[in-house]
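Next up is one chain by itself, shown in structure tokens, the form predicted on its own.
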Amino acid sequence: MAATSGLATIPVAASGTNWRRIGVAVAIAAALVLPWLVSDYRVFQFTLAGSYAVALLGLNLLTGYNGQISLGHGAFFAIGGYTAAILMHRLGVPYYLTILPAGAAAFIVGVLFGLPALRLENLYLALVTLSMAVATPQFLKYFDHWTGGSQGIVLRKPAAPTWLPIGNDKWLYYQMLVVLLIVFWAGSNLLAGRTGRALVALRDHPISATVMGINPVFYKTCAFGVSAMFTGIAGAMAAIATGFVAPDSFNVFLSISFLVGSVVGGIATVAGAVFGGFFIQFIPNLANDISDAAPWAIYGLFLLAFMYAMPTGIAGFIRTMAVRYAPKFRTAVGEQPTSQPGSHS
């Protein structure tokens, strides 16, 4: 019976993997078709939502999987955006060659910041990262020769190749989609491997993980660096898409929005970063459309509704529904049920 029970779990796992792959394929197909179904302005909004999703994946890696609370990821977003803007505007570097340097610059700052942050935990770490988010706009204004000061830097938005029959907004959207898929593939593989297991072990049982040979200094610093790198890449993508960077665009509210989007999308999930990116981009606009007088009150009501209806985030809610209704769906489509413990084939 025990052997039969163990074997019976194999088809279930395989079936879950297949459904997950089908879901990812459908989502990618929908993302490819989407720009042709909406206006150019909506395409621009979806491009920004994609960049926010990349930033939230970075924050989720640090906060969700490693347990280090950060309220300063808007600073890494700014570092990526300004690195790309300075390279494009001051040095004439092509926009597509600025994304990796932006990620590298954010990675270096993240590692340097992560080393002293190892001595802090929970709310103390959150306050330190919050101070970084508060100081970054002022720091950017100080080096006005490079950053443009309070006025920021105006960029020329990239144009689509003449041989490609699509508009500029669609061109930037598809480039964002490519970067998003690469980053999400890299992040998923990182979290599915030994590094991901080490991060979760340090989050849940730090003493036991250290006794088992997991180096907390190495893995926590790497988590900070990789998280900052993903967010820096997202900042570069957003700067290229909007064609403008300014210190006030990276205020402390942006960092708070990242944390809110991470929780709403689903903490410690990869897919939750996508849902959180949509929340950050579209819910404030929707709240403003509903009430010009009190948009943030409407925003707060939306946030309360999401947290009440889906306390584990959108991704957690979808997973719960899948676990609850997937067996019924497989039966409805004629899939053979798996063997039960004690049955004989």
Partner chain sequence: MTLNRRTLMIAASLTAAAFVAAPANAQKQYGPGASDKEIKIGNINPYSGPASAYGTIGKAIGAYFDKINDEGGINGRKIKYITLDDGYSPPKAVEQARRLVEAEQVLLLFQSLGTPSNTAIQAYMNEKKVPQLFVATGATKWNDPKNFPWTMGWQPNYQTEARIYAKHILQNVKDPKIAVLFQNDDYGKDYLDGLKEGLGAQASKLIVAMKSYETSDPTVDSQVVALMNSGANVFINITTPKFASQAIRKVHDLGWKPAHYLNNVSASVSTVLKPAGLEKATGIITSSYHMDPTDPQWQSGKAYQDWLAWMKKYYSAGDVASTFNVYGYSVAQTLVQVLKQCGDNLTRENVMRQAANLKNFQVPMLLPGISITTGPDDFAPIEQMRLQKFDGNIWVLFGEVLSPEGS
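Owing to the predicted nature of the structure, the values given are computational and were not obtained by experimental measurement. Positions refer to the first chain, counted from 1.
The same protein also has a form predicted together with the partner chain, omitted here; what follows describes it.
S.K.: To verify the annotation, which of these, L91, A192, V154, A159, has a non-hydrogen atom within 4.5 Å of the partner chain in the predicted bound form?
M.R.: Answer to the contact question: V154.
S.K.: Have a look at S188, T210, N251, T221 for me and say which one sits with a heavy atom within 4.5 Å of the partner chain in the predicted bound form.
M.R.: Spelling it out, the residue with a heavy atom inside the cut-off is N251.
S.K.: Any chance F44 has a heavy atom within 4.5 Å of the partner chain in the predicted bound form?
M.R.: Taking the distances in the predicted bound form, the answer for F44 is yes, it comes within 4.5 Å of the partner chain.
S.K.: Mark T320 yes when one of its heavy atoms lies within 4.5 Å of a heavy atom of the partner chain in the predicted bound form, and no otherwise.
M.R.: T320: no, not in contact with the partner chain in the predicted bound form.
S.K.: Taking any heavy atom pair closer than or equal to 4.5 Å as contact, tell me whether N66 reaches the partner chain in the predicted bound form.
M.R.: No, N66 is distant from the partner.
S.K.: Just to confirm, G316 within 4.5 Å of the partner chain in the predicted bound form by heavy atoms?
M.R.: Result no; G316 lies far from the partner chain in the predicted bound form.
S.K.: All three of F244, Q281 and W296 touching the partner chain in the predicted bound form at 4.5 Å, heavy atom to heavy atom?
M.R.: Answer is yes for this spot.
S.K.: In terms of non-hydrogen atoms within 4.5 angstroms, which of the given stretches 100 to 108, 225 to 233, 134 to 142, 82 to 90 touches the partner chain in the predicted bound form?
M.R.: Looking at the other structure, the answer is 134 to 142.
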